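Below, in C-alpha cells: the form predicted alone, a single chain.
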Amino acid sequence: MSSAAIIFSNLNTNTLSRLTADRTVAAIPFACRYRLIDFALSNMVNANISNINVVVNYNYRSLLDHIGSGKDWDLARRAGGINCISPYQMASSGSAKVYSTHMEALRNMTAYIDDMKEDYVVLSDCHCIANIDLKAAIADHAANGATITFVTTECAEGYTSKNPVLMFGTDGEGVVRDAVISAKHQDNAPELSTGIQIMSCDYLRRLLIEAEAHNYRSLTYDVIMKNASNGCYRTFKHNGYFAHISSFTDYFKNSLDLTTNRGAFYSLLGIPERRIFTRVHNSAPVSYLSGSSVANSLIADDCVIEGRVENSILFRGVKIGRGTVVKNSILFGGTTVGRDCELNCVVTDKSVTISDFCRLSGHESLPFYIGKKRRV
C-alpha cells in the first residue's frame, strides 16, 4: 500500500498579505526555525511518502530556496522525491488565468497525476499546522473503503476564522453525514477539516475526467458538498495540537502560544517518532552575553542577546542590544535591535534594523508589523 502526495503552497488564503508580499504561504516562517510547509512535508515523510508534488503559484522563490533538493527531508531521490509544479497553461486552455482553486490546480497537473503509480494520494494545504499520524490515517482509509477520508480535529465552541472553512458532522463511527462551510463553530458539524484529504489515485483521475466534462471549478463546492450526505466520505480525527492560520492575527496568536503552552509545544514538536524536519543551517549557537535574560521564548541558532527577551520568538541571526526589552514579539531572521529599545507585540520581517532607543508597541489583537529590510 503506497501513497503519493500533493501539497498546495498558497491556494488557501489571501488574508496573510503582510507576510506574503514576497513569499508564498508555504514559506512563511513559524516557530523560530521552520516554514509552514515543513509541517505538511514532515507529515508525509513520517508516513513513508516519498513522491511529493508541491503546487506553486506565485512568489515562490523563497520556497524553492528552502526546499532545495529535498535532502533535509530525505527526498533527494532518483525516483520520486519532491517535485515543485509551477503554473502553466495547456494549449487547449481557453483562459490565461493562473489557477486559483484546488480543482483548477489539479486539472492543470493531470499529466503528473496520470503518471502516479501509487495506490493512494494525500492532498494537503499549508496553512494548517499539526503533527499528524498520516500513516494511521491512510490505513484507516484503506480499511474502511471510503471514497475520500478527511483528516479532522474537534472544533471548539468558540472557534472563529477569518475565512469560511470546511466542517463535518458524522454518525459517531466516522461516516460523514453533513458538511458545512462556516467561519465559526457549528453544532451539527463539530469536526473541523485540517486541510488533508486521502483518496485513491484512480478515484482522483476519474474525478478530474468528470470535472473536465462538467467544468467543475471547486473541489469543495462542486464535489464534496454535493456528495457529503451520501455516506461515501469518512473522517479520521486528529486529537493533538492544531492551528489554522487564516489571518495575520491568527499567525501571531498561534505562534506565541507555543512559548507558554508546553502541551501544545510538545504535541507539535516533541514527538520523537514523528519529528518535524526543516532545512539545516550550519549556524553558530546562540550567544547570551552578560546582562541578558530569556524567559518563555523560542530562540533559533546564531542569535546574539544582550538584553531581555520574554514570551517571544527569535529566528536565526537576530541581535538584541544591551538594555533592550523584547516582549510578546516575533522577530524574523536577520533582525537587529539596537540598545535601550522596548518592543511589545511587534512582528518584524527579515533583515529589519531598529535603531537605539526606539519604543514600539502593538496589541495582541493588532500586532505592529515592520516590513522586510525596513529601518526604524
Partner chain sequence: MYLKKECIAMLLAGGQGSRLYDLTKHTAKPAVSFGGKYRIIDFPLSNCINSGIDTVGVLTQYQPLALNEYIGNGAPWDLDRNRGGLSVLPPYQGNQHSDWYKGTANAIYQNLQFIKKYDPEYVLILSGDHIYTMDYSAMLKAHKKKGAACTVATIKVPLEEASRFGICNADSDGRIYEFEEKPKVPKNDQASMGIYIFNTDVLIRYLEEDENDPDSSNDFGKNILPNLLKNGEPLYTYSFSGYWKDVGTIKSLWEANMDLLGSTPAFNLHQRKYRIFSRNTARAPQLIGTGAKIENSLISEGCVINGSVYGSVLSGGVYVEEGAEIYNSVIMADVHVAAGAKIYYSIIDSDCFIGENVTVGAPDSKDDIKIIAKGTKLTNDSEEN
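Residue numbers count along the first chain shown, from 1. Remember, it's a predicted structure, so these values are computed and weren't measured experimentally.
Quick note: we don't show the form predicted in complex with the partner chain, though the next part is all about it.
Exactly one of the stretches 105-113, 119-127, 281-289, 180-188 approaches the partner chain in the model of the complex with heavy atoms within 4.5 Å, and it is 281-289. The partner chain is not shown here, but in the model of the complex it comes within 4.5 Å of a heavy atom of residue 269.
Taking the partner from the other structure, the partner chain in the model of the complex has a heavy atom within 4.5 Å of a heavy atom of residue 262. Within this chain, residue 82 is remote from the site of the partner chain in the model of the complex, having no heavy atom within 4.5 Å. In the model of the complex, the partner chain sits within 4.5 Å of a heavy atom of residue 302. This chain appears without its partner; in the model of the complex, the one residue of 220, 147, 249, 296 with a heavy atom within 4.5 Å of the partner chain is 296. Proximity to the partner chain in the model of the complex, defined as a heavy atom within 4.5 Å, holds among 162, 71, 253, 237 only for 71. Residues of 166-196 are not found to place any heavy atom within 4.5 Å of the partner chain in the model of the complex.
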